[in-house]
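Just the one chain here, laid out as structure tokens, in the form predicted alone.
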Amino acid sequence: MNNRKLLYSLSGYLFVLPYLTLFGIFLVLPLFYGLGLSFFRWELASLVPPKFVGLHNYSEALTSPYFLKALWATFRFVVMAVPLTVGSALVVAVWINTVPLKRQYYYRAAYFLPVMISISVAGLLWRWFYNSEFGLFNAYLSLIGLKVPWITDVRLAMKSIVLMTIWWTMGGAMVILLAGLQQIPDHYYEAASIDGANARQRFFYITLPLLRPVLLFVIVMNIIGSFQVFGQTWMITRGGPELSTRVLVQYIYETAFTHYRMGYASAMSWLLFLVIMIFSIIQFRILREKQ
């Protein structure tokens, strides 16, 4: 009997063992290998063996103007993309939640469709949209005598990347928020209507407080994803003009696989991890204290 109970208690772990094995081999081990690598000077294209340099790679990154500029470009993207993406997704989710159920399927599919497009296809598509000479946007704007340098002007390039990101990712956040909205019981709204609450009051005093756990998840996931932005800038601008859209992940990629400085790239990767962790913790604390 004891052996049967032991086998029964271990059966769950046996089911997850294949996943845990792959997770450990392809995620956990590379993670700690990269941490160890960040303390070495390892030039991949050099015959010189790796040399332990301690925190030199980290100090070099924190004093490098290229690293700081890439980090600043990443911050700019996060500050613009996260509020606009989450805000747009919330507005669309609230609107879809008010239409009849049969029509919701079509609207959900329409808004979620861009999420299913790969970044390479979406990037090439929007690069054509933004082309100054024969792009779709300027073709329409030329009818009123306008020509906008969407991705060739330093002031507009990052904003253009953000606009494309909202179109590409908003549907995923919208579906999650819509699912959260549909879990709110109707009797809260019915009681509020009886008490004379208008639509704005019902939204701010019922919808937002009850939706806060889902909203927290969406915001944190968007922050993490935005700090790791790479595909949009790489496909559309290649980091230009004047490195204004070269984000940190792109700089890490170029350092590792163009300049072959693997130790330095690993150190910058861990600095990015620390930045993401700090922002995520701050966001969790702020929203949970409000709750």
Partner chain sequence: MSNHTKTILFKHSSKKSPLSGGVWKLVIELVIAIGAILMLLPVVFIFITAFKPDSEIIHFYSILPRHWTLENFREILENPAEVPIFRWFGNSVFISFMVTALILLVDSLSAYALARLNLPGKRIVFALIIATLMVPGQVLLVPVYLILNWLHWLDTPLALIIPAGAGAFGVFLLHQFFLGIPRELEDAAAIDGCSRFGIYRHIVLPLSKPALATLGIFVFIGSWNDFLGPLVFLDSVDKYTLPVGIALFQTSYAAEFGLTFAACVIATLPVLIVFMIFQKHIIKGISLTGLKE
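Keep in mind it's a predicted model, so treat the numbers as computed, not measured. Heads up, when I say rigid core I mean the largest set of C-alphas that superpose within 1.5 Å between the two forms. Numbering follows the first chain given and starts at 1.
The protein also exists as the form predicted together with the partner chain; that form is not presented, and the subsequent description refers to it.
Annotated contacts: L68, V247 and Q283 are all free of the partner chain in the predicted bound form [non-hydrogen atom within 4.5 angstroms]. Of the residues given (V79, A191, L124, L208), L124 alone sits with a heavy atom within 4.5 Å of the partner chain in the predicted bound form. Although the partner is absent from this view, L84 stays clear of the partner chain in the predicted bound form, with no non-hydrogen atom inside 4.5 angstroms. H187 falls outside the set of residues with a heavy atom inside 4.5 Å of the partner chain in the predicted bound form. Contact annotation for W72: none of its heavy atoms lies within 4.5 Å of the partner chain in the predicted bound form.
Although the partner is absent here, V214 sits close enough that one of its heavy atoms falls within 4.5 Å of the partner chain in the predicted bound form. With contact defined as any non-hydrogen atom lying within 4.5 angstroms of the partner chain in the predicted bound form, the contacting residues in 39 to 76 are W42, L44, given in sequence order. After superposition on the rigid core, the Cα of F273 moves by less than 2 Å between this form and the one not shown. After superposition on the rigid core, displacement of the C-alpha of V28 between this form and the one not shown amounts to 2 Å or more.
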